[in-house]
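Take a look at this single chain in structure tokens; it is the form predicted alone.
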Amino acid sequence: MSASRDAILVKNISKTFPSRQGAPVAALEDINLTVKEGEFLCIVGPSGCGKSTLLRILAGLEEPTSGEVVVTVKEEGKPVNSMVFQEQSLLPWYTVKDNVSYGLAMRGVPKPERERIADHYLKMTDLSRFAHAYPYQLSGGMKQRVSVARAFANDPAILLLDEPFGSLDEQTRVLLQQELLKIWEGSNKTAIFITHSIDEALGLGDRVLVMTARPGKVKAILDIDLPRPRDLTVIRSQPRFLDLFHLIWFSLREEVVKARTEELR
């Protein structure tokens, strides 16, 4: 892992939501976490454990009920973070190229520079020939590639990705995971990636954080000592990959059972 200094410090974060039934719902409880600069951290946990809530707090889209987030990596004139959502978030009235360069336009980057950067990431995501297409003309996988290209083009210090490939078929998902790795490995950006898939977490991450059933807490953090750069079709057959898969599943299984039991009550 290329990480060295701290990028994000999460200190005693808790989040409680009001409930229509009257009793508040505790989504997160006492989360403490340090993310290193340049690290790719994956977070797994059962449905409803607060993974997305935690990511939204890191993005500044939600306020914690208690605790704080300290971000120490910042560059003047550039955004602290960019977020890629699971659901489609492209602007339908913009072309692919305009969507990719949207963040740059909002920051006042001159048009020639915006176009140069957008062209670079369109090429990296194999979307150059669709630069002037509109989102309705794209497949689901292509739309997510545009979202990833847009996030990198904005050149944030931190990438936040909330199950960006969760709705895609397996073949498309693997291709986009490999595309994401290729771009990330050349950027040295800090990335936090939410997923339900242990395979995906192992293929992408430097570390994997396992969360408990709601209220979400940090149950375990495992170092993923698989070599980089990674070919996802190769590492999945390696004995170490299988060992790590079983370690994570052993930690996660109890929480999944708890979450399912709670749903049935």
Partner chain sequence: MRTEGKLGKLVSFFSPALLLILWEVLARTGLVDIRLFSCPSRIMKTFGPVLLSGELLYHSWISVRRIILGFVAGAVPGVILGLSMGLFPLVRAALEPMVAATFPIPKLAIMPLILLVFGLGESSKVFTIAIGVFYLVLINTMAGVLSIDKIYLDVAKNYGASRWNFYRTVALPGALPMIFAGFKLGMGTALLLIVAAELSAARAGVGYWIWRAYDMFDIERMFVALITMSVLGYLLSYLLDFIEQRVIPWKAPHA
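Only a predicted model underlies this, so the values are computations on that prediction, with no experimental measurement involved. Positions refer to the first chain, counted from 1. Between two forms, the rigid core is the largest collection of C-alphas that superpose within 1.5 Å.
There is also a form predicted in complex with its partner chain; it is not shown, and the following applies to it.
Does each of 197, 234 and 249 have at least one heavy atom within 4.5 Å of its partner chain in the predicted bound form? Contact check failed for every one of 197, 234 and 249.
Proximity to its partner chain in the predicted bound form, single hit among 69, 222, 218, 59 (heavy atom within 4.5 Å): By the 4.5 Å heavy-atom cutoff, the listed residue in contact is 59.
Consider the chain as shown here, without its partner, and state which of 178, 187, 89, 167 has a heavy atom within 4.5 Å of its partner chain in the predicted bound form. By the 4.5 Å heavy-atom cutoff, the listed residue in contact is 89.
Could you confirm whether residue 82 comes within 4.5 Å of its partner chain in the predicted bound form, counting heavy atoms only? Yes, residue 82 is a contact residue.
Taking its partner chain as it sits in the predicted bound form, is residue 130 in contact with it (heavy atom to heavy atom, 4.5 Å or less)? Looking in the predicted bound form, residue contacts with its partner chain do not include residue 130, since no heavy atom lies within 4.5 Å.
Can you check whether residue 172 is within 4.5 Å of its partner chain in the predicted bound form, heavy atom basis? Answer no; every heavy atom of residue 172 is more than 4.5 Å from its partner chain in the predicted bound form.
Residue-level question: is residue 161 within 4.5 Å of its partner chain in the predicted bound form, judged on heavy atoms? No, residue 161 is distant from the partner.
Pick from 130-138, 179-187, 115-123, 69-77: which stretch has non-hydrogen atoms within 4.5 Å of its partner chain in the predicted bound form? Only one stretch qualifies here: 130-138.
Is any part of 91-112 within 4.5 angstroms of its partner chain in the predicted bound form by a non-hydrogen atom, and which residues would that be? Sequence-ordered list: 91, 92, 93, 94, 102, 103, 106.
Align both forms on the core first, then report whether residue 195 has a C-alpha shift of 2 Å or more between this form and the one not shown. Comparing the forms between this form and the one not shown, which are aligned on their rigid core, residue 195 does not shift its C-alpha by 2 Å or more.
Once the core is superposed between this form and the one not shown, does residue 72 show a C-alpha displacement of at least 2 Å? No: residue 72 shifts by under 2 Å between this form and the one not shown.
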